[in-house]
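So this first bit is one chain, no partners, the form predicted alone, shown in structure tokens.
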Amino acid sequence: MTTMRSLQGQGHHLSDTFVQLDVLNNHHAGIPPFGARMEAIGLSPLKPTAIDTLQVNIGKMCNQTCKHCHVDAGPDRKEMMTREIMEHCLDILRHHAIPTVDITGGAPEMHPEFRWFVGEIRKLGKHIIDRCNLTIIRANKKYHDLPDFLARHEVGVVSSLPHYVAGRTDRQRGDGVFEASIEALTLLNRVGYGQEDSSLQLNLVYNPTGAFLPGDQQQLEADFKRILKEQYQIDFNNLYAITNMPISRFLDYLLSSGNYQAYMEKLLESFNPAAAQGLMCRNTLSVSWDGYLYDCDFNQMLDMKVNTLAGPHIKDFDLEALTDREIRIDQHCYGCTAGAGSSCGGETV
């Protein structure tokens, strides 16, 4: 059998979909199929509860190359959603009661149609979330007015900040990222984000900087709020603690550092049936830059398209079929069911 070490030595980049799934399914010992665990707790097949959020990845281009990025985004990525696909998304939102649109990337603000797309969604009365990496606000003069634009359209901002210590953030996201992030947070605070008397939501995301699970979300939030306020006069609303998924660049790291087996065992040991009940794939639908539909953005990065008779592309959108679909699962799903659970909105229990 091919080993993980030999896969790395054969010229395969572990962000390739085939190699990732091969590693997750065949190159570990003692990790039972995720489906078996779900069957044991009566959640097989896994079905949606509703579709409350349309999460739209409008492109993989980013001004950063973060070590933990499950999208494998960066400055060299050219994949961008076309205006035609965006129009299909708008048509779906126009005709269906899906209240929230979660715009992500890459750095979604780098898409030339980002502002147009946000404006059209707001006309439909939907709540919008922008997954902003913060540093984009300071990256170029053309983005300096982003805080004002987002505030005018009442867009909720969710931003990654791995730690309140500069060195720990920079190790995960790149040199100078912490300083640029603090500058961006200051600008967001100035236009009302994260303030007690404002409806403009500013939520931060914490990802562990190594092969371990996040700590208690409530305690982490308290620490972040205290230290960011004391040292930088930064305010924000909530902190989301998210488990690093064993895919893409983080999978590369786990294998190269020799932590893969131990990390998978930790996820297995921490499996929480209550967290499984609240999986984000049960109320979220993910749309890729090229218009394909996925149960979540992690499945999107593994090219595990939705399983419906209507077809897996947004042009085939059938709300009834999608609401009744069987959600596709695999070994990486252990990441969302470990401990207090993990989703794009943090803990699930």
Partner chain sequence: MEKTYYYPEDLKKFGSVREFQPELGEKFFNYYNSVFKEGALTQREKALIALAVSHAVQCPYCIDAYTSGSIEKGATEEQMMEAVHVATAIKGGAALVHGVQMMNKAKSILM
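None of these values were measured; they are calculated from a predicted model. Positions refer to the first chain, counted from 1.
Unshown form predicted together with the partner chain; subsequent notes refer to it.
Contact annotation: of the candidates 253, 164, 236, 117, the single residue with a non-hydrogen atom within 4.5 angstroms of the partner chain in the model of the complex is 164.
Only one of 194, 278, 214, 147 comes within 4.5 Å of the partner chain in the model of the complex through a heavy atom, and that residue is 214. Remark: residue 83 does not count among the residues lining the partner chain in the model of the complex, judged by a heavy atom distance of 4.5 Å or less.
Under a 4.5 angstroms non-hydrogen atom cutoff, the partner chain in the model of the complex lacks residue 200 among its neighbouring residues. In the model of the complex, the partner chain lies farther than 4.5 Å from every heavy atom of residue 140. By the criterion of a heavy atom within 4.5 Å, residue 219 is counted among the residues contacting the partner chain in the model of the complex. Listed stretches are 183 to 191, 122 to 130, 259 to 267, 148 to 156; the contact stretch with the partner chain in the model of the complex is 259 to 267, by a heavy atom cutoff of 4.5 Å.
Judged against the partner chain in the model of the complex with a 4.5 angstroms heavy atom cut-off, the residues 91, 94 and 313 are out of contact without exception. Of all the residues from 170 to 194, the single one having a non-hydrogen atom no more than 4.5 Å from the partner chain in the model of the complex is 171.
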